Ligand SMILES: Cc1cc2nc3c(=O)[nH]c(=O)nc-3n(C[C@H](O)[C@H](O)[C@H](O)COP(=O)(O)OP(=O)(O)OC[C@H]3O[C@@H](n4cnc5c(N)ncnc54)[C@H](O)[C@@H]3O)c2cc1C
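In the form predicted on its own, a lone chain appears below as structure tokens.
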């Protein structure tokens, strides 16, 4: 779980002035802080809770190119490079390693055709993704029963890292490069002059700055709303569990029919179901119903819709506040939703049936996490039209851990101006009128 590394934070007093304030200490925010600090910028990162405390520390740990939207692949390729490059994060203890990822056929109706069509769509990117037969699946992962007769989609170069440590070690590297890091420091809002941000107001005081990067994940829409920006993002809930270490388990990562896994560095496994997120109906579901209508229509057939406590929890939450008032970010430092037990129990049952090597797994911990999703499931990275000194780096739609290094790099490059590692136009806020 989150934050099993100590973060090098020698700063206890907020600076009066900085070049850039980063809001949010997930993988994207800390990666942006590192790039800016290394480039010589004065950077202050404010995290309302702890570094990597929410979805950055709660995901499966996959760093995959498999089944990415073609517009996202260049950013994922950059991220894969940065995970491994010793001049970037390759010399840090993020736990990154190449394992390969397999998506079985038969997970959903028509998925083999979907895999083939996807392979055709990404032909020009030079990926090593390809279809393999059932017998090749058996060679890669021996001991399976009732393997998919149509084989699987396999990307040998896909990898993984450790969510419990990646953000914290990158954050420490950013601090070593000069970034000032503050946990338990919620940003309440922005003070502007002539449309430009002049100060960031936190619960501990104000910081003058020239630019702000909003990397708040599931909280970004709420923060943007305080600034009069209708950021289109809804939160869905994922569930996962980890096992105690056990010997002789497979190293490769797998998404099967209602089960999936990723081997941890300690020899245990993350186990859950791919695509088994819970879509809680909340007040924002109605406010954004037009923007999300295709997803909601699909949800009636496929997504796991739920109406319950989340609706009333969000209904009671303030959406506007004065900058000298306690905000929702201070009242809920870390979102910690209860996991969907039925999803996890089904995943464990199906996993053991499909691969008897997992028969003796012992579950050590279960958890839930909130994932911010945009209408087109692509990240939102770019400058706000209404607040030109505000750069969005949010809405990663469940892909943020793997994409985090590239997303943070791109956000930092947009702050600095000049060339960027990838074309930022697919992620531009302008596509949503922001």
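Numbering follows the first chain given and starts at 1. The shown structure was predicted, so the numbers you read here are calculated from the model rather than taken from an experiment.
Same protein, other form: the form predicted in complex with the ligand, not shown, and the subject of what follows.
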Does the ligand get within 4.5 angstroms of any non-hydrogen atom of residue 41 in the predicted bound form? no
Quick check on residue 27: any heavy atom within 4.5 Å of the ligand in the predicted bound form? yes
Find out whether any non-hydrogen atom of residue 415 is located within 4.5 angstroms of the ligand in the predicted bound form, and reply yes or no. no
Is residue 401 a contact residue for the ligand in the predicted bound form, using a 4.5 Å heavy atom cut-off? yes
State the residue from 104, 219, 89, 115 whose non-hydrogen atoms include one within 4.5 Å of the ligand in the predicted bound form. 219
Quick one: of 391, 380, 46, 36, which gets a non-hydrogen atom within 4.5 angstroms of the ligand in the predicted bound form? 46
With the partner left out here, if you bring back the ligand in the predicted bound form, are 180, 196 and 427 all within 4.5 Å of it by some heavy atom? no
Taking heavy atoms and a 4.5 Å limit, what residues of 177-207 are near the ligand in the predicted bound form? 185, 186, 187
